[in-house]
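Just one chain follows, in the form predicted on its own, and it is written as structure tokens.
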């Protein structure tokens, strides 16, 4: 899908694309942090028929709703393309040695070679968490590696392995 980016002097950036059904959709990211979701008129692609202002919290919620399923779909597509690639979802259980500790404390990448690609906390997906990301009981950790490395991550998160 092609996304067009246009600089709007004094305002910010506009990202625009066409859906498969031919509708034009844009997101205007203002320098102030505000986001506008714009739906263009089907018969006149230069005329906005709907503009919805989103604050940071609303924009984040929309990203989470649309983004979480896409991450899983992309990982599943990778499985069919790359033999031996495994992704698993591991919960941080109450009493886990890493409940309340950071991703960096686990040293998962160094110890196993597997990668933590996301952490799901409730409806929020934290893609590519940094080493200072702090786990909380109930988080679901999305790990990519092979059978051996992902099993090793499961051991680390469960027992401190």
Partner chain sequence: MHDTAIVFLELGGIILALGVLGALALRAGISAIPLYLLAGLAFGQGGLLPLATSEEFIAIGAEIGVVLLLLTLGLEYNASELVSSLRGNARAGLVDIVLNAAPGAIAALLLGWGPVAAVAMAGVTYATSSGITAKVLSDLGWIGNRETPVVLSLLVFEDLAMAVYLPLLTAMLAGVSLMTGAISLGIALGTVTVVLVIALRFGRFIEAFVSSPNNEVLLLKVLGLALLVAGIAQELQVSAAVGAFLVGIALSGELAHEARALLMPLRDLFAAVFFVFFGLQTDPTKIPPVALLALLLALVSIITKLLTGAYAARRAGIARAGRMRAGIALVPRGEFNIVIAGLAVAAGAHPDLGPLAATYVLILAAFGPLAAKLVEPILTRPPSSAP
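Residue numbers count along the first chain shown, from 1. The model shown is predicted, which means the values in this text are computed figures rather than measured ones. In this text, rigid core is short for the largest set of C-alphas that superpose within 1.5 Å between two forms.
One more form of this protein exists, namely the form predicted together with its partner chain; it is left out here, but the text below deals with it.
S.K.: Would you check, heavy atoms only and a 4.5 Å threshold, whether residue 117 touches its partner chain in the predicted bound form?
M.R.: Result no; residue 117 lies far from its partner chain in the predicted bound form.
S.K.: Considering only heavy atoms, tell me if residue 128 and its partner chain come within 4.5 Å of each other in the predicted bound form.
M.R.: Looking in the predicted bound form, residue contacts with its partner chain do not include residue 128, since no heavy atom lies within 4.5 Å.
S.K.: Indicate whether its partner chain has at least one heavy atom within 4.5 Å of a heavy atom of residue 22 in the predicted bound form.
M.R.: No.
S.K.: Is the gap between residue 30 and its partner chain in the predicted bound form 4.5 Å or less for some heavy atom pair?
M.R.: It does: once its partner chain is placed as it appears in the predicted bound form, residue 30 has a heavy atom within 4.5 Å of it.
S.K.: Even though its partner chain is not shown here, does it sit in the predicted bound form so that 1, 63 and 66 each have a heavy atom within 4.5 Å?
M.R.: Spot residues vs its partner chain: no contact at all.
S.K.: Could you tell me which of 35-43, 117-125, 92-100, 55-63 sits within 4.5 Å of its partner chain in the predicted bound form, going by non-hydrogen atoms?
M.R.: The contacting stretch here is 35-43.
S.K.: Checking residue 41 here: with the core superposed, does its CA move 2 Å or more between the shown form and the other one?
M.R.: Yes; that C-alpha moves by at least 2 Å between the shown form and the other one.
S.K.: Superposed on the rigid core, does the Cα of residue 154 end up 2 angstroms or more away between the shown form and the other one?
M.R.: Not so; residue 154 is displaced by less than 2 Å.
S.K.: Indicate whether residue 138 shows a C-alpha shift of 2 Å or more between the shown form and the other one, with the rigid core used for the fit.
M.R.: No, its C-alpha moves less than 2 Å.
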